[in-house]
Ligand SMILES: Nc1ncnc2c1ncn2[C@@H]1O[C@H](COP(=O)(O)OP(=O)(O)O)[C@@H](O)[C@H]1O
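The form predicted alone is given below as one chain in structure tokens.
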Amino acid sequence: MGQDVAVRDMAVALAKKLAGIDAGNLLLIGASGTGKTTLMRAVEDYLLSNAALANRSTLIRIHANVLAEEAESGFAGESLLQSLYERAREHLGPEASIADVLRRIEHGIVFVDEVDKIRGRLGDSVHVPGIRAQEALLTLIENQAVGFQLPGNGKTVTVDSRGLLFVCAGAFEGLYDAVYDRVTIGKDRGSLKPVTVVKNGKVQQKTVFTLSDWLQTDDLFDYGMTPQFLSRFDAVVLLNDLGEDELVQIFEDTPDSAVHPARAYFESFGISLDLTPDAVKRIAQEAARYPRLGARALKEVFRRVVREYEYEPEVAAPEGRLTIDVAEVEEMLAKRKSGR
């Protein structure tokens, strides 16, 4: 929700891949909770929803920190292929031929989460594990033929990695601030101009900054992503911070919303839980104050609102119905701010 550009770029890349056309690798940049992992889960669900599609690609998810640890011992590439092999076996079954399994591996999708954790620099210091992990990924991205030892029999086979699609994603904490500083107080100061807006009948000067408008490749180099690594991505896709409207929709309509287990909990006591539209809007408004938490901020804010009612549900709703309005939301949020 709220990520139309990322959804479209991912959809086009997947369509190209399934058509046997070079799709180009994607780098997704967005704050925690904006939907990077959710997007890849949707891709996986889509592939598994149709047997014809499932037979043409296998998706694995791997954490960049795990990749960095394995790169230290020199086995990152082998471990990644091992994960693809195990997932292909899981989908095809134990009776599938080695040729069929290899075909699935060679057309796999590799999702590397929190790729910013393998940056090549941490402050002013070189981060060697991060550089090695980037190099390990490059080995698979660049090489057309990679040796892989089959589990069990020890036989070494050749995997053609040209058909692999790599999608790397990360929050890139600190990147927003670094780019903002560059265009306000750094070498490009003065580039960001204030704009005139009218709010509540008053004319104001406002500075509007979005990372997608100002991000340059050099910013990613400075962050610690090597030129060789970045050059292997056809598109850098920036996910938007979630606004109030998207957060309301996520709270009300998504299966992962915190409101569903809360309602189930109250129902176990014979109590119906409802929130007024204004209450939901106020929860979303408060969550939007923490853009770096994305949709996860909704769960934290909602927990502040509902937790006192959860302790003694029968006391909170003696007649079997608990309706939380905006005044009650305000009261619970105020208690948290005052430390009560």
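Start at 1 with the first residue shown and count on from there. All values derive from a computational prediction rather than experimental measurement.
Only in words, not in the display: the form predicted together with the named molecule, which the text now covers.
In the predicted complex, the named molecule sits within 4.5 Å of a heavy atom belonging to Ala31. In the predicted complex, the named molecule lies within 4.5 Å of some heavy atom of Thr38. In the predicted complex, at least one heavy atom of Ala295 sits within 4.5 Å of the named molecule. Residue contact check for Lys281: none of its heavy atoms lie within 4.5 Å of the named molecule in the predicted complex. Although the named molecule is omitted here, in the predicted complex all of Met1, Leu242 and Ile250 have a heavy atom within 4.5 Å of it.
Here the chain stands alone, but in the predicted complex its contact with the named molecule, taken as any heavy atom within 4.5 Å, falls in 253-261 among 160-168, 99-107, 226-234, 253-261.
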